[in-house]
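This document opens with one chain alone, in structure tokens, the form predicted alone.
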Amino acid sequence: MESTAATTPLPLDIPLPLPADPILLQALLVVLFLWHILFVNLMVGGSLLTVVFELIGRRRPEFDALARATAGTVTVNKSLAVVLGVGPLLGLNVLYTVHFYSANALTGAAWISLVPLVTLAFLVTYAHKYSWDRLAGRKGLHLAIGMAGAAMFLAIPLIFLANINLMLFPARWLEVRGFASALALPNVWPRYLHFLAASVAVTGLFLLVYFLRPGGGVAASPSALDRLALRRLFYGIALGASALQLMFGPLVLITLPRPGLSWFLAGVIGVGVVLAIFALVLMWREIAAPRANATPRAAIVVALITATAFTMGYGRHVYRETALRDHRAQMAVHTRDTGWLAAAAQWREATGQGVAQVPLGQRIFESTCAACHGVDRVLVGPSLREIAGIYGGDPGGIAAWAADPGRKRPELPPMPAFRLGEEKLRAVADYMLQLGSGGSPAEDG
């Protein structure tokens, strides 16, 4: 990411406090997102496997029955995906307001199309599910309906992913001219392929547990799809898709811009990879196990995949925070400077003085510091007379404290950091010392 405003847009931040502690909000975002993405995976993976099973079912009727039973899970999972999507969407809006809405604006019509596209996808999916018997003699048409629903379910996450990816890279905002150019960013397609592989893998494990649970099963020929055949089929799907994830994972990392990468992130992802490899080994053993010695390890595999998902979800959050850290700091300075300029303009209008007549330190103090520091009385922070007594002859000490404040007095609220730059901090520090010592401020601006 470029660090200069000349190449990176710096929109103004929204000067409103967060409704809760940032750490709590971030933790909620990670957990709520994982719940949401689970059912998105099941929605997408289920729609894809339904089409594949139905295609195979044209030659093997038992797979048509399996496709029909799988389709029944898609309509439920898509509803849960939508309901559980509210939480992480609100979390993104609160924690990353400016970045999220900037990406929304840049992807434009594609982002707005999500709601009608989701609605249409639901209608098509229901039509596919409930027309199974009516269109039994017109399998081509029925398959076309299923494929249309699956295609829409594939498009919806791609739009959302392109938008979320774009919000992480403000340095690329000036290059984007709509959704198509957002798709051209290097990280979009590796992330999307990784997501598709995850969707099929998670759905394979879900169908394994769902159909092989006590009282489960499908109306298929026992001789063709008995429990052992189903177990090997679903484990095979999950194993193959998980192996693809391990292939796409390095592509995701290679195409991520460097500013968000760190050794801590590498450690988090490494833990997830190790857990995933253990899960792959167990799945392979389940596929290769003879009928008599087959040991159900589904609970262990699901636990390992769940732990992997948590590490990857947390890693995604770590990358997001790191990637946006410098840009958010620049935005804070830009927002503060803009507020100072607006306050200075109002002050000049009220007093009739031109900016050249007002010293720089005075301008910054009046617009930024005066709300908390009175000359001879405590407002929010200590008075200027007290500050002058502590820092007399040392304006650099005030500037250093303002740039990176600690907390010396528990009875007073903590002071925020003011990253205004050395020149401005030194100017306002000189002005504060002059006021606090009872002298006349020197012209400095």
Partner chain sequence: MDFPIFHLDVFGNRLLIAAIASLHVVINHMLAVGAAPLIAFLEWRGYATGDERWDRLAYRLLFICFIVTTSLGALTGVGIWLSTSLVNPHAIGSLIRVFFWAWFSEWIVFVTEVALILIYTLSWRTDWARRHKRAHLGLGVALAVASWLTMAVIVAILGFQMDTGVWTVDPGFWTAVLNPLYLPQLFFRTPFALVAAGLFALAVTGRLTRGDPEFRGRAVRTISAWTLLFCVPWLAAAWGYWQAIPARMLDNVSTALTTLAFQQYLDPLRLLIGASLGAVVLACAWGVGAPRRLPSAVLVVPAVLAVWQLAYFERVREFIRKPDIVAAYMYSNALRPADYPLYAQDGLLAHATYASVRAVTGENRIQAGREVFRLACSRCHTTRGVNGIVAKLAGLYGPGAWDPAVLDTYLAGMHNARPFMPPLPGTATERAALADYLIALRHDPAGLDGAQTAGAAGSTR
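Residue numbers count along the first chain shown, from 1. Predicted model only: the values in this text are computed from it and were never measured. Definition used throughout: the rigid core is the maximal C-alpha set that superposes within 1.5 Å between two forms.
Separately, the form predicted in complex with the partner chain exists; it is not shown, and the next lines address it.
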* Asked: For Gly87, is any heavy atom within 4.5 Å of the partner chain in the predicted bound form, or not?
  -> yes
* Although the partner chain is absent from this view, report whether Asn187 comes within 4.5 Å of it in the predicted bound form, heavy atoms only. => no
* To do: Consider Leu379 of the chain shown here, and say whether it contacts the partner chain in the predicted bound form, taking contact as heavy atoms within 4.5 Å.
  => yes
* Asked: With the partner left out of view, is Thr306 within 4.5 angstroms of the partner chain in the predicted bound form by any non-hydrogen atom?
  -> no
* Name the residue from Trp173, Tyr192, Trp132, Phe310 that puts a heavy atom within 4.5 Å of the partner chain in the predicted bound form. => Trp173
* **The unique member of Val375, Leu141, Ile112, Leu228 whose heavy atoms fall within 4.5 Å of the partner chain in the predicted bound form** => Ile112
* Asked: Heavy atoms within 4.5 Å of the partner chain in the predicted bound form: which stretch among 316-324, 174-182, 195-203, 143-151?
  -> 174-182
* Decide if the three candidate residues Pro19, Lys78 and Ala371 all line the partner chain in the predicted bound form, where lining means a heavy atom within 4.5 Å. => yes
* Structure fact -> Checked 401-419 against the partner chain in the predicted bound form; residues with a heavy atom within 4.5 Å, sequence order, are Arg407, Pro413, Pro416, Phe418, Arg419
* Asked: After a core superposition, would you say Asn77 shifts its C-alpha by at least 2 Å between the shown form and the other one?
  -> no
* **Ala402 C-alpha relocation of at least 2 Å between the shown form and the other one, rigid core basis** => yes
* For Leu420, is the C-alpha shift between the shown form and the other one 2 Å or more after core superposition? -> yes
